[in-house]
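Only one chain is shown below, in structure tokens, and it's the form predicted alone.
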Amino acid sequence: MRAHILRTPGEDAQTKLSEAPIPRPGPGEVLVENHCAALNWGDTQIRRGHYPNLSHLRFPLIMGEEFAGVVAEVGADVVDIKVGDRVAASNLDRGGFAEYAIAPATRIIKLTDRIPFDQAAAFFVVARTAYHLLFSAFNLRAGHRVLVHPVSGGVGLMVTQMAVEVGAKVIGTTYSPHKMAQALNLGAELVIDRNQCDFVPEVMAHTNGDGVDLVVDSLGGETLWQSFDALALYGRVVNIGETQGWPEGAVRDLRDKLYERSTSFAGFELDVCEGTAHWTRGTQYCLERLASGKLAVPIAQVFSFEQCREMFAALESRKLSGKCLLRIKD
């Protein structure tokens, strides 16, 4: 089979389209004939060697965490999944940017015919992350105000759709003015260009000085630190990444910051709830809305199977809004 392989991570490292043996599923595993795969920001961190923990990955590495296709083979002890099933899949050890890929049966989601493979490949991480940010890490209700950094990314656009559906109000920030329209079209009330102004006064003015109930932050750095000043009483900041780094002095000063408005701060990791009732509930929520059309993962661009390097470059340019996909099979 053909696969996009990263020999070793590094700032200038690139994947190479190469021949590789088709993997065989072991006990509890499923082999998927891929139709589509999605690129995550974590994949770019792995390629450059910036990922928080590379110890569980073995190089040379076939890249790609999320993919969708048709089950080609099942390993021993796999139940309720059979050859020919249409599925979405995820493998934290990667392998998705190939014509065939292995996934644990616990990370296989069976699909109805109403969910196309592009949406199936793109939803596994961003849609369910958005769900658990809003409804597990926080108890979002109608009337709540949510601030999203950045609103134009895959998670931000999913958070916007889900929050608006339940009657919450969404404010977003971005560094790219051309990315504002998509979030506004999905129901965000206000999108702020962080290059042009300080978002905190804008948020406070928009909320009549009350602030927001929830901040969803994947940037870290000064954006994370300033977000506490945009919170309402008893508000909550949930952090899911630090693309701007960790704010200097945050650990020392965080306690005092939280006491200013009796606010709270939490980290978020999707996979800690794997296999739990939370996991199943979030998956079902997303599948039902994808099938009915109430929810859609915004697709920024679809690349041919040969264009993996171009896909990485497009995502890292930060000029796109939504998910980047690799089309493996029509």
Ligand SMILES: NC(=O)c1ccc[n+]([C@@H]2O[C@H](COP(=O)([O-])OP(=O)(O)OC[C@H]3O[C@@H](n4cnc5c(N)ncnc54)[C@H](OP(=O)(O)O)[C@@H]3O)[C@@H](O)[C@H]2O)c1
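No experiment lies behind these values; they were computed from the predicted model shown. Start at 1 and count along the sequence shown; that's the residue number.
Missing here is the form predicted together with the named molecule; even so, the following discussion is about that form.
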* Structure fact -> Per contact check vs the named molecule in the model of the complex (non-hydrogen atom within 4.5 angstroms), the hit among 37 to 45, 24 to 32, 258 to 266, 274 to 282 is 37 to 45
* So which of V155, V203, A183, L231 gets a non-hydrogen atom within 4.5 Å of the named molecule in the model of the complex? -> V155
* To do: Please run the contact check for F135 against the named molecule in the model of the complex: heavy atoms, 4.5 angstroms, yes or no?
  => no
* Asked: With the cut-off set at 4.5 Å between non-hydrogen atoms, does Q226 touch the named molecule in the model of the complex?
  -> no
* Partner proximity in the model of the complex: G241 to the named molecule, non-hydrogen atom cutoff 4.5 Å -> yes
* **4.5 Å heavy atom contact, L270 to the named molecule in the model of the complex** => yes
* Would you give me the residues of 200 to 238 that have any heavy atom within 4.5 Å of the named molecule in the model of the complex, in order from first to last? => S218, L219
